[in-house]
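First, one chain by itself in structure tokens, the form predicted alone.
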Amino acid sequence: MYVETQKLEQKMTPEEVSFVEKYDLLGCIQCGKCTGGCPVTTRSDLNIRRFVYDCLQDHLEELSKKPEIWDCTTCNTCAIRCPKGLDPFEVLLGLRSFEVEEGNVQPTVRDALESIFNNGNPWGKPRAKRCDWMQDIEGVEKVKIANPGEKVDVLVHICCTACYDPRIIPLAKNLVRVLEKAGVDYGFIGEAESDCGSEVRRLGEEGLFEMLVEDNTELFGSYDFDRLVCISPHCYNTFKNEYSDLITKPVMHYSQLVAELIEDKKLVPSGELEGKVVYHDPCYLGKKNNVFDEPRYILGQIPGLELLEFRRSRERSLCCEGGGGKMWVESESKQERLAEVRMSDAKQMGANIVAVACPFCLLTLEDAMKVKGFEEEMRVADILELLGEIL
């Protein structure tokens, strides 16, 4: 390793040597398992194995100009398959940072990052409207907002998308209904809440991510809570794994909490839903954090549902292409999207409900359902929506 590093130093700039060491590129054995398992290779020129190799041969700024670095959804398949325990997709995030630093990004990416800096969310919405979703929740007189220093068992962080997107807002409302019905001691953060930084980091804006980590750490430090619960797997993953040295309390996805409440008989699904449901594993919940059983347990407790399984499920789940900042990046590929493939698979197996546990999955799969023309025979629904229908 020392000899190889010396050779690199002779032909690379100090910045390039630092890049190689940061991502442990000399640990790659070029086996190709990363590219062989990458789901987006079916519709993109992306070859992650080749990128790792080229980072040892070519100038990084030249590699960063290749458009396929933006096709990666950071689904974690390459990391799962890597026999050396590397995270190949991280190399692409490092290359993206060169483009972000120079301002060479799509306008939608630029606008999202600017909005996060100015408003604490990527959707261009004012912070003052972050709590508007809390109005008119069936059976709930008032949503509980925690005060700094006030003790609560569960502090809830609401994904920016669940605060502002009309299609996702019902998830947040139903979570409140679940918490109220189960008698959970909870509190929301309110207008002071900010973006978690997940997609900021995936888009390569390392400076803004570090700022969000600092601000959010200070914010969470002002509250007295036992557990932090997130609606989005992306928020959950970021707080759990990338704030790990800063947040000392357990971080949970809502599905983990709801499964616990059902198991403890604090929440009893009493209504009935008819249909064949297949669960789509979100990459950031499943492949990233091995949360596979809790969502299926919840669905199995809803009377009337017949639970099916995708052939590509759990750690082999087919990515919907909503992660890795792809909500703001337009792909150059005109090939069929993975979300469309997913909906075709669901229809072929006879499912009439595709259940998800992620706001991004809900948006991408529902859009794919409409593109395929399946609206009259199928629906895409988050588990929180299904629970809301039977409470």
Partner chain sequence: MNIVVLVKQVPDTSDPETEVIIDSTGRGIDESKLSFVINDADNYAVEEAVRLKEKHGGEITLVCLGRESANQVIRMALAKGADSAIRLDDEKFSYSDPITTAKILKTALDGLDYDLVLTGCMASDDGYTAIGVALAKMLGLPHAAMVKSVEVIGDNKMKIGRELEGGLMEMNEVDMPCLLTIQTGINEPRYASFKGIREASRKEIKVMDLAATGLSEEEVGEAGSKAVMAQYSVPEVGELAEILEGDASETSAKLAEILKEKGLV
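What you are looking at is a predicted structure, and each value in this text was computed from that prediction instead of being measured. Positions refer to the first chain, counted from 1.
Below, we refer to the form predicted together with the partner chain, which is not included among the displayed structures.
Of the candidate stretches 150-158, 243-251, 180-188, 99-107, only 99-107 contains residues with a heavy atom within 4.5 Å of the partner chain in the predicted bound form. The shortest heavy atom separation between Glu210 and the partner chain in the predicted bound form is within 4.5 Å.
Of the heavy atoms in Asp281, none are within 4.5 Å of the partner chain in the predicted bound form. Contact between Glu114 and the partner chain in the predicted bound form is found at the 4.5 Å heavy atom cutoff. Looking at Asn118, you'd find a heavy atom of it within 4.5 angstroms of the partner chain in the predicted bound form. Each of Gly124, Ala128 and Glu205 is positioned with at least one heavy atom within 4.5 Å of the partner chain in the predicted bound form.
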